[in-house]
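First, one chain by itself: the form predicted alone, in structure tokens.
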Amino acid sequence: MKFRTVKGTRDFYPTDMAIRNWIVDTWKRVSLNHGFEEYDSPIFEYLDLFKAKSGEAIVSELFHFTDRGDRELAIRPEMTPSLARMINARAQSLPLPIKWFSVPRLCRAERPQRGRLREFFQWNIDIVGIDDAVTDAECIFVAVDFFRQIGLTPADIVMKINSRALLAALLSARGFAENRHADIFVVLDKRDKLSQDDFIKSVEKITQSGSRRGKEKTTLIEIGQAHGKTGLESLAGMAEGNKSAERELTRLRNVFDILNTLGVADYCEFDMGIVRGLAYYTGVVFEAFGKAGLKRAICGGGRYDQLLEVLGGPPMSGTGFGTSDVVILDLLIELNHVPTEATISKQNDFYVIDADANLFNEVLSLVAKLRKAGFAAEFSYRRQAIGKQIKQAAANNTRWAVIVGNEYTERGVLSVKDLDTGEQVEIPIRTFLDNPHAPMGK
């Protein structure tokens, strides 16, 4: 019987693992540089935790099971409920703000497609306990900083930003009852997936009949098409006279001002079509998109003000985002920006070579000493010519080849070759072991 990977999952061969580690290591480095602390949780949780956050409908999207104690459990499909559970458990003792990040393995029982698999790794960034525009901006800044770190420019990617609170306030100011907002959010969130004609038809379906129909249609199309700096300013007229709308517009402008101060404004633009489908978002929301053919969000997030309270905790505002290794890699492939293995694999420090099979024990002894000193040192399992061993050293991405030959037994010296430059020198064994950091004396 021939076995295969389960649909929607991946094997990671060493070359694949090098790329995955490069993505994850960059996530972690960026997170730590911005002052976030790493956390993790169990890979499965009580099913009720996910129901409490997303409702009964979430069950069909999960891998869930009943354990031997008749407990209904689920493999985590996202990290936010676990984050909320953990913070709620120690809410009184955790210092604010809570700046946490995680890189968990997640699973979702859904149809695999481009940018989305059943199993993946996800980078989560959250700031909890502070309701301020600066924290919204910082989350966006962290995401953009990652894009910069992997070499993506504003020509490659754009961060689209909106505010659900502003949208809700504008709708209320224009006479749309609150119980109609959810349907309007859905239509606006699908705007970029529809042609202009189909978007207008969708708008018409949610407008009231009668005398207000034309006015509602015009208003929703005007709101839905607002984007860029001019689009944001065009909303000022709608917001004028409504304190809530004016307040939210001021906050969103403040976010853009902070992003400009942070030096990432060229990656960011306002877009009223960014609403985010998850109902727990309450304020600023954002999604990054590639500018080539990958027509889906690369990362997304926003402010959530009631989530911790819904899951049994105290009232506490939070903001954050997530992105997966799957969609990041798809974007890099599309942009022909995937790094070569040679540029991201860890370079071995030394490859120790025996010029004569009788010296192999000396090779092993020297390798052991180098490893004990904290260096990456390798050797050949096969006894073969020096030239072949040097080729193997180069293939293993090694910096220096250390040759143990007759000069070692006769004069106590080693031949050290810099495989980057080709330079080769003789170094006394004691001098070499005293300072392996600079074997060429540099």
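Heads up: residue numbers just count along the shown sequence, starting at 1. Note that this is a predicted model, so its numbers are computed, not measured.
In what follows, reference is made to the form predicted together with ligand HAM, a form of this protein that is not presented.
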From the candidate stretches 313-321, 249-257, 164-172, 221-229, select the single one in contact with ligand HAM in the predicted bound form, where contact means a heavy atom within 4.5 Å. 313-321
Any chance residue 360 has a heavy atom within 4.5 Å of ligand HAM in the predicted bound form? no
So, residue 138 and ligand HAM: in the predicted bound form, are they within 4.5 Å at any heavy atom pair? no
Going by a heavy atom distance of 4.5 Å, is residue 297 a contact of ligand HAM in the predicted bound form? yes
Residue 159: heavy atom within 4.5 Å of ligand HAM in the predicted bound form? no
Just one of 98, 74, 326, 264 has a heavy atom within 4.5 angstroms of ligand HAM in the predicted bound form, so which one? 326
Taking ligand HAM in the predicted bound form as the reference, which of 148, 369, 190, 116 has a non-hydrogen atom within 4.5 Å? 116
So which bits of 113-133 sit within 4.5 Å of ligand HAM in the predicted bound form, heavy atoms only? 115, 116, 117, 120, 122, 124, 125, 126
